[in-house]
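Only one chain is shown below, in structure tokens, and it's the form predicted alone.
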């Protein structure tokens, strides 16, 4: 990169979320600073104004009216918009709650009736605006984040795998906890990217990366029910991180 050219500008912004993704990015920001100029970063800078940039990373779901206003402005001021983390990609636990109860009922239960609190049904970013790259995870994987950023800085849309976690288990030669330990592992229907963290230590995958491509939900439910797990428990685990309810319609009718 020529020293006469300005550094690419990136921004990091937060909506409604736990900020776990911000910590991952912050811990790895030193690897990017020689190559980019950071215009905005929550907790790390005093002012976080929205201005035109090359790449914007957004964590958190759209759960409040001001989230939507901010997201719309961010989309209009960036070339690439990257949804980071399950809140931004799937809606996460906020969306899971909305699958079972209306927003107004939740507001009334927590704040009382006639509360001035305003909220929207929690939704991922692409429910409202075009998203260029989706990085699942709760939180995201640092290596994947750096690889995606490197590709975008070269004006290339990166490939982000949505193959199941089972693929990563095979590559690491892990024993299958679903078959060998009869654990309720969701690896067959969960997107890879975590490096099979849980199965690698003998624990069941609980779906924190969101659904893989074309998840075989019926087969997953059949296998788990054969092992003694109830359908409600299976659905609860699958929806805990905001996986779309549409995936489970046929299961609930079966």
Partner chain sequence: MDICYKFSKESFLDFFKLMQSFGQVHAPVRVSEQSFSFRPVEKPEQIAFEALRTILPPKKMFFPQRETLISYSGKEVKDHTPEPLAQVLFGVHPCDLAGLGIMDNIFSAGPPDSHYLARRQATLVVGLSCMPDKHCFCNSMGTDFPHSAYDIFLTDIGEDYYLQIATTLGEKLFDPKPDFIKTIDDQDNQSYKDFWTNRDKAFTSNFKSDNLKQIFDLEKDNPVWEELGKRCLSCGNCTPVCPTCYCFDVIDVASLDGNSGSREREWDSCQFTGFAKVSGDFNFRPGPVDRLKFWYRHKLHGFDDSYGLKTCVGCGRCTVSCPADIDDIVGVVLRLQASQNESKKDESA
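This structure is a prediction, so every number in the text was calculated from the model and none was measured. Residue numbers count along the first chain shown, from 1.
Another form, the form predicted together with its partner chain, is not on view; read the next lines as being about it.
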Position in contact with its partner chain when the complex is considered in the predicted bound form, options 178, 74, 123, 133, heavy atoms within 4.5 Å: 178
Looking at the partner-bound form in the predicted bound form, is residue 127 within 4.5 Å of its partner chain by any heavy atom? no
Contact label in the predicted bound form: residue 188 to its partner chain, heavy atom within 4.5 Å: yes
Quick check on residue 31: any heavy atom within 4.5 Å of its partner chain in the predicted bound form? yes
Indicate whether residue 166 is a 4.5 Å heavy atom neighbour of its partner chain in the predicted bound form. yes
What residues in 203-227 sit within 4.5 Å of its partner chain in the predicted bound form, counting heavy atoms only? 213, 214, 216, 219, 220, 222, 223, 226
